[in-house]
Structure formats: structure tokens, C-alpha cells
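This document opens with one chain alone, in C-alpha cells, the form predicted alone.
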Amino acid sequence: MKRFVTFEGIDGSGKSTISKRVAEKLQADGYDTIWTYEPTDSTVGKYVQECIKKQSDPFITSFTFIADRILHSTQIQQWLDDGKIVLCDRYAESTYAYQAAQLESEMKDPLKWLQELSKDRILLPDRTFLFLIDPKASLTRIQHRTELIPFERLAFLEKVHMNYLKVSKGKRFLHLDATQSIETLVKICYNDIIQKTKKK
């Protein structure tokens, strides 16, 4: 059983919809499940949202993202200690992917810098689902939104997409084709979460 699971992907990848559906299915099947998200609705999380809207200095935005996550990790740990399954819509890889794209003109290796800032300060998920979709297709999905935030521009999302691929290596990550049906993706995620690790 995977107890702390994160859902990642560029805007329009469907991760929010899928993560909510998976949480609902787990709850319906009797699993004590929490669905949460980042940025959070805490005071720090709300400041993160303001930084995004106002296109604040990328260093300020990066630090506030990480501060919000450190606080969030404390809450997540409490939920886990209480025996709950925690599903999180966006987590560390979102900051690495998005903020590295913002900071690429400011430093040589922003991905490494961001990862070092978070090292040993946040919880490590048992599983991270990465929903992969072509940035052009993702923008088509969200074109109905009345106001696209700066993160939702094609050139930027293409950079974010590449950063996601760079940081999502290892057994913790499961890459999923985001163009599959919602039902299919929910089933894949649900089965992966409840499947117990086989003993060697």
C-alpha cells in the first residue's frame, strides 16, 4: 500500500481531476484518504499564489513555494501518523519544473539549486504519478479559462515539460499518457496505490 502519493504534470494534463477521482474511489472503498494540494490554502500558500499572479521575482516565488511545502510536510506527516492515505495535487517536482524554467536565465543549474534547497526538509512520496501531454494539447484543453496565468504559455510549458522529464527518473515515478481516458487513468493510479509491495 502506497500511503503518500503525489500527482504531477503541466497545466491541462488532467492531474487534478484524476487525483480527486482516485481519492473519491479510495474513500468509497473504505480507505481513510486525504486529498490535498499545493500551493496550500495556508497564509504562506496564499502568498505563493499572489507571487504567481504578480509575476514576482522568481527567487522570492521559489523560496515561498518551498516554505509552504515544508509546512505542508508537517501536516502530511501528521495525517500519515494517523494512518491515512495522502494524495497531493502538485508537490516538489512542480517547483523544480516550473521554477527552474523561471530561473534558467538567473543561474547555471536551477534544477540542482532548487533540489538542494528542499533536500532533507520535505517528505519523500511513495509514488509520484507524472501525467505526460504535449504542451500544445494541454493549452487546447485549458483555452476556456478566462484568465491564463503566466505559467500557462506554450513556450514556458515546453520548458516545464522538459524539466519534468529530467527530474522524474527513478522507481518512485510512474509516467502516464495523459491522453488516455479519465476512467483508465483513475484505474491505473488506484491499482498502483493499493497494490501491496511483494516480499523478496
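Just so we're clear, the structure is a prediction, and the values are computed from it rather than from any experiment. One rule holds for the numbers: they count along the sequence shown, beginning at 1.
The same protein also has a form predicted together with a small molecule, omitted here; what follows describes it.
Heavy atoms of A23 never reach within 4.5 Å of the small molecule in the predicted complex, leaving it off the interface. Proximity of I60 to the small molecule in the predicted complex: non-hydrogen atoms within 4.5 Å are absent; the residue sits far from the partner. Residue contact check for N191: none of its heavy atoms lie within 4.5 Å of the small molecule in the predicted complex.
A residue is said to contact a partner when one of its heavy atoms sits within 4.5 Å of a partner heavy atom; L185 meets this definition for the small molecule in the predicted complex.
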